[in-house]
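In the block that follows, a single chain appears as structure tokens, in the form predicted on its own.
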């Protein structure tokens, strides 16, 4: 909200906004304050609101297998997002410029692959990966996430390409530019907000995935969400480590979203209007 908008906001609106933000952020704030408490403080009732913060939970996580799982999550989410954009953006452009009769049927067929629930693909992926040796590997996770994100990229990017006049590209071609130059130097810069919004959604899907990572990984490629669950064992629930791990899992998503928030808002808004 801009400064001029805040000046015009009535006290009632400000109270409503503050209450809404408090409700939305309260689970995250509660988890964050738990991460700076000892297990004894966490289990106290009523919970102490004033306490001496400790970094013991974060230090324990750093020296445990969680740090490797965190790196695995970063690698699998980043690589799958980059690969999905690398394949999906040109495909969306080609689909946008294709005027054939089967265009709508092909678009719907691409979307159908995204409609099926992940559990429908789990057993085939597990058996196939065991056969070719991709179980418990980052490569296996990247391929799974890419296959699910690719239809999303194509469907989100196609409306952005549809808004670019074909005459603009034809003029560049007449001036002597090559097709690759037209695509990389003229078309892509015009759909940057759409690419940013799509990248965030792809990253969120891969980063938050729990189901595929639980089934297809063991120890070598285990991701952070699965590693957090391992703190719930037969010896008890390590609440401090669970809270610290949950806070760390949320951190990259928040940083990534804030870094490209300008493109995210404009991209999602444009996609909603044009789509």
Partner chain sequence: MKNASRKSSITSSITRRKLLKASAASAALAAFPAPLIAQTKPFAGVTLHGASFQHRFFTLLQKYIPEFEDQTGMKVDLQLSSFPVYNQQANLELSSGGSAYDFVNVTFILAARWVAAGLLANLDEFTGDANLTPAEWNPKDFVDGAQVPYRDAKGATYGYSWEGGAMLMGLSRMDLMEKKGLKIPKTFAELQQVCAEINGTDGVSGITSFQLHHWNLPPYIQGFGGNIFRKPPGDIMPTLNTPETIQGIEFYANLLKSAPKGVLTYTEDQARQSLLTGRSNIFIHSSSWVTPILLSDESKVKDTSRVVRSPAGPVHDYPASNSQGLGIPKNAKNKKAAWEFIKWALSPDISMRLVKEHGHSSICRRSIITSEAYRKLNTVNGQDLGALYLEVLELPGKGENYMAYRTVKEFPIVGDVLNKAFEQVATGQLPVKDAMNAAQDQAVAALRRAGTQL
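Positions refer to the first chain, counted from 1. Keep in mind that this is a model prediction, so the values were computed, not measured.
Absent from the display: the form predicted in complex with its partner chain. The rest refers to it.
Listed stretches are 186-194, 139-147, 85-93, 126-134; the contact stretch with its partner chain in the predicted complex is 126-134, by a heavy atom cutoff of 4.5 Å.
The single contact residue among 68, 43, 59, 32, judged by any heavy atom lying within 4.5 Å of its partner chain in the predicted complex, is 43.
Within this chain, residue 239 lines the site of its partner chain in the predicted complex, having a heavy atom no more than 4.5 Å away. Within this chain, residue 226 lines the site of its partner chain in the predicted complex, having a heavy atom no more than 4.5 Å away. In the predicted complex, none of the heavy atoms of residue 249 sits within 4.5 Å of a heavy atom of its partner chain. Remark: residue 63 does not count among the residues lining its partner chain in the predicted complex, judged by a heavy atom distance of 4.5 Å or less.
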